[in-house]
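First comes one chain, alone, set out as structure tokens in the form predicted alone.
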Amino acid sequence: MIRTLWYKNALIYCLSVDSFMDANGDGVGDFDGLARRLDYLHGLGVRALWLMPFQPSPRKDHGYDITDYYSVDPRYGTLGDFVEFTHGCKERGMRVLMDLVINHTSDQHPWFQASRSDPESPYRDWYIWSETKPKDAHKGMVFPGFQDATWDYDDEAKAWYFHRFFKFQPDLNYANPDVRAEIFRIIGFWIELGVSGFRMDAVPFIIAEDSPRAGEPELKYQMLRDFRAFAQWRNGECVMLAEANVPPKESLEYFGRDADRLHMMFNFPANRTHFYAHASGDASALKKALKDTRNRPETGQWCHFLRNHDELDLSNLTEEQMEATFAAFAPDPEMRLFDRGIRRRLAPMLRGDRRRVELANSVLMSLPGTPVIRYGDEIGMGDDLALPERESVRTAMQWDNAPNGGFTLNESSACPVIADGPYGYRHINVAEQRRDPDSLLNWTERLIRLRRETPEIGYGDFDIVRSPKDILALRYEWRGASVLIVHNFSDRPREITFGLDATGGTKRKLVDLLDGDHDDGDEAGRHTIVIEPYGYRWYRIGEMNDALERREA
């Protein structure tokens, strides 16, 4: 039983411990440093922290190759430091979500070492082995171009093992009940240490029908149901958030038609069409994505984001849409990854245009669901394209203009720091923006506060208001309250007219939530607003129970 729906009106902030704040001066971020920045995060309006993997790992894949699920990587501190951190979050009313990386382990994990060393080992069946090379060994790669197979031969085991991701990340065998029982123990362990939720990594691959793991699809969905039930038995407010880049029609299988599987999912369809809207000035595809993902259980929730630790995946756009988005935001080949994504941060993608950065964030905060922001986006951090692959967007947080951006007192940082250019820490940092009332940081803080003060977005139902293709207008209703939020993706000013009359002819008032520019409408009860290029408006509708013309034609 869910005790609260706290996640419906929360702001989730995503960060990597190693790149946020170094307290002991070794050049690597740690939990002590993160704990020292909790007041900053609380002041920003953060109500949940999503931590990237922090468990022991060879770090061949930024920590997504785990060797011990029950500990903290010594570079980040101890389990005691982690508990102190979660207590600090609880004191400030913030919750902690952590990555649950259970599709695979590192090939250095003791489980895999035992599995490969002895065919009679109880761990042999914890992974997926084949005595002969499977016919589909070169199909289904997640990172084409960086991996050429999903099966590799192990000399010690004298057998082939399955790995959906890199060859140093062997997949666990969920057909084995002992593996599933171990995941329960992992979940329970971290809940006891203060975790309130898990971002489940690579969920579609865990339950994929084309996986060599045995079992019927419904049994695999039952596994998701069991994980949720166990987590909420240990903590009734615990939530499960899925990384599942699947077609909208499949999303109900992840939420569960009876709302008994995963609480939240990232809305990838809305994410990629949102960026296409910025690239083309046409919000039609975004509107369609919002319609397509509308159907979900009442307690289910979409999570919306702009950028994250991975590339911006454009793979499900049409060829024309993908080409337009690449042309706008990644014209150079070095800005692209896997021929399907963009490895850049938000601000440089939008050429540092404050109007467009504000527009993107305003859209994020107003989409139906829970917003997730990436560390550093609140100050407009840039990327370092000289770094390989996705490392370009994983540079150190820029706190001030001291050496290494205040991230560490060590002369050299183990985490890359952007020092030069317009996005270097001397120009873009928290301290300088904190002192400027008109800075992006202070604007973002005000926007987050506004989002929390409009719970209709997180809890209510929405409709798409009929409008031109370059305008996105959303109306939300919840408990008799109603808000209207309008965005202009065009580089030209737009005049828009809305009808807000009730059936009885009662006039409605638009109450501007941003700058107090209210509108009473004309004698016919219609409201005409002029919205500047890349502009946005947040309104509360003064009277309730009205009949806004809101359905898309």
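A quick note: this is a predicted structure, and the numbers were derived from the prediction, not measured. Numbers for residues come from their place in the sequence shown, where the first is 1.
Omitted from view is the form predicted in complex with a small molecule, to which the following refers.
- Each of 64, 165 and 199 is positioned with at least one heavy atom within 4.5 Å of the small molecule in the predicted bound form.
- The closest non-hydrogen atom of residue 304 lies beyond 4.5 Å of the small molecule in the predicted bound form.
- The small molecule is not drawn, but in the predicted bound form it has a heavy atom within 4.5 Å of residue 309.
- A residue is said to contact a partner when one of its heavy atoms sits within 4.5 Å of a partner heavy atom; residue 243 meets this definition for the small molecule in the predicted bound form.
- Remark: residue 143 counts among the residues lining the small molecule in the predicted bound form, judged by a heavy atom distance of 4.5 Å or less.
- Site annotation in the predicted bound form: the residue of 124, 390, 356, 374 reaching within 4.5 Å of the small molecule with a heavy atom is 390.
- For the candidate set 475, 343, 394, 263, a heavy atom within 4.5 Å of the small molecule in the predicted bound form is found for exactly one residue, namely 394.
- Screening 509-517, 32-40, 56-64, 523-531 for residues having heavy atoms within 4.5 Å of the small molecule in the predicted bound form returns a single hit, 56-64.
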